[in-house]
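In structure tokens, the next block holds one chain alone, the form predicted on its own.
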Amino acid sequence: MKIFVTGNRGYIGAHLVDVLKKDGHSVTGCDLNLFSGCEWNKIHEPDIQLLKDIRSLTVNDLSGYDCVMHLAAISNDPMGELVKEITYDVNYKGSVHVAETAKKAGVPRFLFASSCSMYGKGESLDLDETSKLNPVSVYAQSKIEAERDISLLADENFSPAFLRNSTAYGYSPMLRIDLVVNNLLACAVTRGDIRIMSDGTPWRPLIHCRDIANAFNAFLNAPMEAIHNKAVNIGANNENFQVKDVADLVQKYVPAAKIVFTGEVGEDPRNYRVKFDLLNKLLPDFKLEYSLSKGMEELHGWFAEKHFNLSDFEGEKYVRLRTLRHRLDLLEKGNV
């Protein structure tokens, strides 16, 4: 099949291109390349690469594809809060534009990278797709509104589905350490301590970034009627962890590191433990490739092989917020 992937040069997109091509698909990538130079390893190239803002995509760009997989976004809470207007414009309005354009172009399937973060401050544990949404960030709110408006486009010729991904972690050629698991492990490796900025009690559903890519491929191959216009939590019931549990596992790989509760952010309002029964029902053959332990062991190995150090940890290259701030500063000064 011919697949169009937005955000293909991102943390998850770099895996997705590889997964799709290994499954025999032809892949066109679309990426603004905002984080050019942040590669950790050589990334997997699509068959065709567009360097283009998703908000500028046309019917001609999307004509002839069997599926659009839309990953491109301002990708986490801190970045979303830094540039709220841009986050809303890209993640909500831009996503709806891509879906509307795909429908006009006759693309039958549209897979949207949504997020479990929309559950935000969970009113209870074991949240499913019918649970109340309590977003605590512009990023999460933008995902809610995009889901809502894209779902209205669904008909017999256009079938969207919404993958509400758990919090990503793990190795990617486009490494990020601004994610809870990666950050705690990188901190232990480079500083010798495991710094938890809250009290460590909040719950998070976790998933390896490669498994998010695998889920997109599984949705591509699923019967269209099974997933038509459905929002589905992506992860596994046994991969929900409290932050303090993650820290304990980090200590297994870096025994000398001490766990430090800094408390500098106070009570973390994001607290959600999520159920994945619907995913298991709709795609019973889909299983995660990684457990948290396996994914952390792999990343720890990469840190050792790459000699990941304090300069890497404190620099801007692997922290998207720092890179974005730097490039916004350059824009303001007229240097780019």
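Being a predicted model, the structure only gives us computed values, none of them experimental. In this text, residue numbers run from 1 along the sequence as written.
Below: the form predicted together with a small molecule, not depicted.
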Task: Contact assignment for the small molecule in the model of the complex, among 287, 55, 294, 306, heavy atom within 4.5 Å - done: 55
Task: The single option of 168, 127, 250, 150 touching the small molecule in the model of the complex, heavy atom within 4.5 Å - done: 168
Task: Candidate stretches 250 to 258, 160 to 168, 193 to 201, 99 to 107 - the one whose heavy atoms come within 4.5 Å of the small molecule in the model of the complex - done: 160 to 168
- [ ] Could you tell me if all three of 236, 241 and 274 have a heavy atom no more than 4.5 Å from the small molecule in the model of the complex?
- [x] no
Open item on the list: Would you classify residue 139 as touching the small molecule in the model of the complex, given a 4.5 Å non-hydrogen atom cut-off?
Closed with: yes
Open item on the list: Using a 4.5 angstroms cut-off on non-hydrogen atoms, would residue 114 count as touching the small molecule in the model of the complex?
Closed with: yes
TODO: Could you confirm whether residue 62 comes within 4.5 Å of the small molecule in the model of the complex, counting heavy atoms only?
DONE: no
Open item on the list: Although the partner isn't part of this model, could you tell me whether residue 72 comes within 4.5 Å of the small molecule in the model of the complex, counting any heavy atom of the residue?
Closed with: yes
